[in-house]
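The chain that follows stands alone, in the form predicted on its own, written as structure tokens.
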Amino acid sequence: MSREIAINDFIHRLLTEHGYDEKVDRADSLILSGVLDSLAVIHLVVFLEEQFGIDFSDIYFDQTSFDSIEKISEFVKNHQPSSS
């Protein structure tokens, strides 16, 4: 499964679990728009750590880097360890 598909599927499941039923496209704002709340962002970070081996303790967290599926996918591409 491609990185963006995995991220897209996870975010759509997360939104459904949080009662959000509107369609979200890959470039739609998620955090700055309030679609994802702080708890959902924590779930997203844990997913990215587990799924892609990203260590957030060494990375500056900027919410604009996570504001869309497209940006999250690019962030993962840039920070995923090469061995994963």
Partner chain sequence: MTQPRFLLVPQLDLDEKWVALAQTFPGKFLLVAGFSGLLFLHEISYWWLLSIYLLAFSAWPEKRWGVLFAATWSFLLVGPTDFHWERISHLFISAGIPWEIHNSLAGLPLILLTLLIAGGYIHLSQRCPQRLRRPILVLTLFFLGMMLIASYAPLPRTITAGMWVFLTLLGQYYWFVCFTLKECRSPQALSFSRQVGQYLPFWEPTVIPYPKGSGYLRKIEAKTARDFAICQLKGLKLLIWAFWLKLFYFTASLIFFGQAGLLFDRLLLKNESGKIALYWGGRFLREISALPHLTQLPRFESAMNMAATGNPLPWQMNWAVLLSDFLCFLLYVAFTTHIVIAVIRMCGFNALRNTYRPLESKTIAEFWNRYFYYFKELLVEFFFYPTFFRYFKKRPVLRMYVATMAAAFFGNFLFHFIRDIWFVVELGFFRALFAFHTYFIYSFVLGNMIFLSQWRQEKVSQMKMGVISRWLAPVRVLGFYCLLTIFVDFRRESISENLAFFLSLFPFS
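None of these values were measured; they are calculated from a predicted model. Residue numbers count along the first chain shown, from 1.
What comes next is about the form predicted in complex with its partner chain, which is not displayed.
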Residue 26: touches its partner chain in the model of the complex, heavy atom cutoff 4.5 angstroms: no
Contact of residue 48 with its partner chain in the model of the complex (heavy atom, 4.5 Å): no
Any non-hydrogen atom of residue 17 within 4.5 angstroms of its partner chain in the model of the complex: yes
Residue contact check: residue 9 to its partner chain in the model of the complex, 4.5 Å heavy atom: no
Residues in 8 to 35 with any heavy atom within 4.5 Å of its partner chain in the model of the complex: 17, 31, 32, 33, 34
